[in-house]
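The chain that follows stands alone, in the form predicted on its own, written as structure tokens.
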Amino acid sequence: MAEQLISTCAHETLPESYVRDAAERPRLDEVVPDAHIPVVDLAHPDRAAIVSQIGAACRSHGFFQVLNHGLPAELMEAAMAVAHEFFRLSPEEKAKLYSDDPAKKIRLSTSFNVRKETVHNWRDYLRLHCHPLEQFVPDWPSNPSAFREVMSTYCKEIRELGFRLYAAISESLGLEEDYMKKVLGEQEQHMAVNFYPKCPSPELTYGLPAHTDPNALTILLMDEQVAGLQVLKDGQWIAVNPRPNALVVNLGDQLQALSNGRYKSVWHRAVVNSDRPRMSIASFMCPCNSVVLGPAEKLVGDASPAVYRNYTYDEYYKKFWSRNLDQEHCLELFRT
């Protein structure tokens, strides 16, 4: 299976199966530089100010960067280092983990959903389920030798940060501080360690095309040396430049639904470049599969009727994976 991975060798030309139609290409020359990206300092002494800033960012952008978030810089560096080590392993070693089955909880794969898509994306990724850790870690890669220990520690820290962010987001909507955490149930957590190799023709393809995330909250550790994340704001693509020791937070579809459409699940994409490979580690906070989701009752009334019907996360997730990544917003299928 190793030949499926694009990280196993250098490419002089872009294979035809990665070339987008002219109308679907990234048009990199039209991308706006890092423009007014919200940044929230979680160490600000005024809690009300933090909540207000997060609420404003959720309304206007659906994403923001956080500083002083509590994750040690050394841990973030170690996570990126061990991720790079993994993707430098031999093709034979990596092939042991390869699978194109989207239902498999721990797998190395490529693109997005190679079983369905007609045009591929310039990405290999390691997908790991992370909660409960003791259940999944024994099946994680044992090579590199530090992988399990470093990534386990990173996952635990990210989960705690996610719950702190839920509290602020809940408060910013005028809900109880523990509303999000309670309504989302015993949450799953998974991670995508994304590797975007150097690309011979970055203007013709994507690392990942425009999409929203189906989960509740995504926390992204970006490569500080190589930019690639772009978000859609008012019809324009904005480049998100890495900040030292920052994490990027973006709302997933479930928080847009819970907020009754007040907050945005942001359209974002990953572009690639011809100079350097790029790495990112995306951590996804996901509702319990059986939990019933929909607009918070407190946010629904005569002046603001429910935008979305109730549904289970299992129903939503299956619908999301049955489509192509860049189709219409999956939430549109759940409108009242």
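Note that residue numbering follows the sequence shown and begins at 1. Because the structure is a prediction, the values reported are computed rather than measured.
There is another form of this protein, the form predicted together with a small molecule, and it is not shown here; the text below is about that form.
Stretch in contact in the predicted complex with the small molecule, which is absent here, among 298-306, 53-61, 39-47, 270-278 (heavy atoms within 4.5 Å): After filtering at 4.5 Å, what remains is 270-278.
Is it the case that N194, even though its partner is missing from this view, gets within 4.5 Å of the small molecule in the predicted complex, heavy atoms only? N194 belongs to the contact set for the small molecule.
Is L165 a contact residue for the small molecule in the predicted complex, using a 4.5 Å heavy atom cut-off? Output for L165 is no: heavy atoms all beyond 4.5 Å of the small molecule.
With heavy atoms only and a cut-off of 4.5 Å, decide whether L293 touches the small molecule in the predicted complex. Output for L293 is no: heavy atoms all beyond 4.5 Å of the small molecule.
Is there a heavy atom of L208 lying 4.5 Å or less from a heavy atom of the small molecule in the predicted complex? Close contact exists here: in the predicted complex, L208 approaches the small molecule to within 4.5 Å, heavy atoms only.
The small molecule isn't shown here, but in the predicted complex which of L220, V119, I106, V150 has a heavy atom within 4.5 Å of it? By the 4.5 Å criterion, the partner-contacting residue is L220.
Though the small molecule is not shown, can you say which of I169, L229, V249, L255 has a heavy atom within 4.5 Å of it in the predicted complex? Looking at I169, L229, V249, L255 one by one, just L229 meets the 4.5 Å heavy-atom criterion.
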